[in-house]
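What follows is a single chain, given as C-alpha cells, in the form predicted on its own.
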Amino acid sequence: MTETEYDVIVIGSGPGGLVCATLLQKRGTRVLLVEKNPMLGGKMISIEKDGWAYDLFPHGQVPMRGSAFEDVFAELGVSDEFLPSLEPDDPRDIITLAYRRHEWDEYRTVTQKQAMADPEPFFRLWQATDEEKEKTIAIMAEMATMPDEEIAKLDDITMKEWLDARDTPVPLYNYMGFHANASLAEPLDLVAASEQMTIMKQIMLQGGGGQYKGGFAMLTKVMAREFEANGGTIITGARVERILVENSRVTGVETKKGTFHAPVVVSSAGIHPTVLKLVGEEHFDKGYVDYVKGLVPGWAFTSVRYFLSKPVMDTAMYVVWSDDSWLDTERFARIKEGGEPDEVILFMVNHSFYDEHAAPPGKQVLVSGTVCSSNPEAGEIEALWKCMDRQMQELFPDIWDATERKEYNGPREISNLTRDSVMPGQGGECVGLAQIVGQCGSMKPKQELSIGGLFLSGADAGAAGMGTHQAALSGIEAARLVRLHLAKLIKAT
C-alpha cells in the first residue's frame, strides 16, 4: 500500500518535475511523484510500438554538449548511460537546409555539418553578397562572444529591435525570424533578445539539436529508475485535482487515487493551471492573480509523423523556411483568422539517423513540425497539416513517395497530454510561457510562490535557454530551493 506522508510531492513528470524529484530523492528527501498520464515524460515522451521508437514531437532543444541532463546524470552516478547520438564535431552531414528568398521562384537546398559551425553553406544557400557575408559574420560573432551579464541586460529588448539597430542583412534577418519560430515558438518582434541570444550562443558554442539514443524517453527511463532505486514513489494515472492549503501553507494534494500529504509541493503543471485551478485564486493576492492571468502563453508546435517504407533520408535534421513563411505577429494573426498559408516553416527530426533502432529494419521515421496557436480548439490546424504535406511532397519527393502512413497531432493533443487548459486559448503550448519581452530573465515568474511550501518547476519559471534544457535547469534550481526551505522548517521546529 502506498504511503500518504512525504517530505515533498512533485506534480508532473516532464523534464522540470522529473529532474527536481530525482535530485531531491538522491539527496535524501522522501518524494512522491504524481503523474496524470499512464506513462512518464510529459512533452519529453517517446513512443515504442511495433518496432518503431520515436518522440511525439520534433525535439531538438538541448545543446549537444553541456546540457542540464548531463549534470543530472553525473550526480546520479550514471554518466555512462548518458548517450548523446551526436557530437558537435561529428564528421557527417547533419542537417539539410531548404530556403527561398522572396524574389526566388523555388527553394534551394544544401546539406552541412552541425548548424552554425561553418557559415559557408548558409552563404551558398542564401547566395549572399560579400557585404552580406561580412555583416553576418560580425553580427554572429557579437552574439557568440557577448558575456552572459550583457545578454541579461536585453530582457526588455525584442530581437527585432536588436537586429534593426545593426543593419542586419536580409537573409540573416529572415533566418533569425525562422529561428525565433523554430527554437522558441515565438515571433521575432516579441521574443526577448536575451532569450534568443542565449539559445543562439548555446548553438554556436555547444552545438544545437541534441538528441539521444532511445530518444528523449531514454532520459525519462534512467531518471525514473534512479528515482525509485533511491526510494522515491511514483503514482501514474493520478490526475491532481487540488493542491491542499491551510493557513497559507500547502499540506498536500488530492488526486483520483487518494489524498497525500507533504509540507512542500512542487508543480510542473504550469503556472496558470497551478495558481488558477489546482490551488485556486482565493489563496493568492488579487494583484498576483491578475499578473498570472496576464502572462502570455507560448505558441504550439503541430506535428506530422511520416513512417517510411524504405531509407531515403541522409541527414539528422531537415529545416525549411523562406522570407515569407516564418511568422511575426501580423502573419500569425492572419493565419488565426482563417487565412490558409501558401507555405510554412518546417523543423523535422529523422530519428533513424540518431538511432538505428528507431524503425524496423529497412525503414525510417521522420517527425515534422511547424508553429501554430496554443489554443486546443485552434481552427487553423488542419490547414497547416495540408500545407506541411504539400511542402513535403514538393521539396522532398523521395520522402513523400516512401511514406506508408502518417500521424497528426496539434495543440489539443498536447494539452490533453500535458498542460490543462484553464484560460481561453491556452494549454497546447510547445514550451510554456512565451519567451517574450516582459516575461524573461529578471521578469520571469519566481519559482517560490507566496503560499508556504509551494514551488514551480519547468519552463514557466527559473531558467532560460532551449526548451527542454530550460525546463531541466528549472528542475535543478527547484530542487535547490526546496532543500533550503526544508532546512528552514527543520530549524524552526
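Keep in mind that what you see is a predicted model, and the values were worked out from it rather than measured. In this text, residue numbers run from 1 along the sequence as written.
What comes next is about the form predicted in complex with a small molecule, which does not appear here.
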Answer key, the small molecule contact in the predicted bound form at 4.5 Å (heavy atoms) among Ala238, Met218, Leu327, Met388: the residue is Ala238
As a check of understanding, the residue in Leu454, Val34, Ala463, Met64 with any heavy atom within 4.5 Å of the small molecule in the predicted bound form should be identified as Val34
Testing 187 to 195, 167 to 175, 94 to 102, 414 to 422 against the small molecule in the predicted bound form with a 4.5 Å heavy atom criterion leaves exactly one stretch, namely 414 to 422
Check: Going by a heavy atom distance of 4.5 Å, is Ser13 a contact of the small molecule in the predicted bound form?
Finding: yes
Original post:
For Leu278, is any heavy atom within 4.5 Å of the small molecule in the predicted bound form, or not?
Top reply: yes
- Is there any non-hydrogen atom of Ala478 lying within 4.5 Å of the small molecule in the predicted bound form? no
query: Do Ala471 and the small molecule come within 4.5 Å of each other in the predicted bound form, heavy atoms counted?
result: yes
